[in-house]
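Below sits a lone chain in structure tokens, taken as the form predicted alone.
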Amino acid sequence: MAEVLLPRKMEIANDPSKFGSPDPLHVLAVDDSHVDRKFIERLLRVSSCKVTVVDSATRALQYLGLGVEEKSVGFEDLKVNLIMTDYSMPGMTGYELLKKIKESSAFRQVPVVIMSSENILPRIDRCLEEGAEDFLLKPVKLSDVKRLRDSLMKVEDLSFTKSIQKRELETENAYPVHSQLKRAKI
């Protein structure tokens, strides 16, 4: 019986589908300029990211289910790993969007990157103090996107590894005989 448990344990530990393998990073890109939206979308796709683009901060909030009006997507159906937003947009600025996201319990931990063609230090400082992950000057470069992606992947990999370790521990607790055999190296 112990021989049957050992392969089953290894199968569970080595099969990422049992844990929900890590998906590609999903980035919500927000910019009122059609050209800038297409440009950032292309950079993100080249960097192997899943991309959703919207043309305003209000639409971003609606997409996230944080809008006052009708909710298009619920958080339970949505996984966004990064939000990249232009600073200067009509209606609601990227800074105001950042504040609303950081006030949200559902999305508070999602990194937000502000983009702007204007290098205004007080604006940059204010965004970073409010919780922005980074402030990028436009035009955004592929190296900026890759750096952000690599940084996020490390965080996601660590989270995924912790999830696997937790499930392994739960499995060991469910099969105490196997745990004793493993420690005895039988």
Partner chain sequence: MQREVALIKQSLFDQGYLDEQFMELEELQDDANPNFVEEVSALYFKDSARLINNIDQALERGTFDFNRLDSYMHQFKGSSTSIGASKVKAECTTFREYCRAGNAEGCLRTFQQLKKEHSTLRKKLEHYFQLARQAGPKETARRPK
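Numbering follows the first chain given and starts at 1. Quantities reported herein were computed from a predicted structural model and do not represent experimental measurements.
Only in words, not in the display: the form predicted together with the partner chain, which the text now covers.
- Interface residue remark: residue 28 is not counted as part of the site for the partner chain in the predicted complex, having no heavy atom within 4.5 Å.
- In the predicted complex, the partner chain lies within 4.5 Å of some heavy atom of residue 117.
- Within 4.5 Å of some heavy atom of the partner chain in the predicted complex lies at least one heavy atom of residue 42.
- Using a 4.5 angstroms limit between non-hydrogen atoms, residue 104 is distant from the partner chain in the predicted complex.
- Scanning 50, 38, 126, 147 against the partner chain in the predicted complex with a 4.5 Å heavy atom cut-off leaves one residue, 38.
- Not one of 59, 92 and 108 comes within 4.5 Å of the partner chain in the predicted complex, counting any heavy atom.
- Looking at 133-148, the residues that come within 4.5 Å of the partner chain in the predicted complex, counting any heavy atom, are 139, 141, 142.
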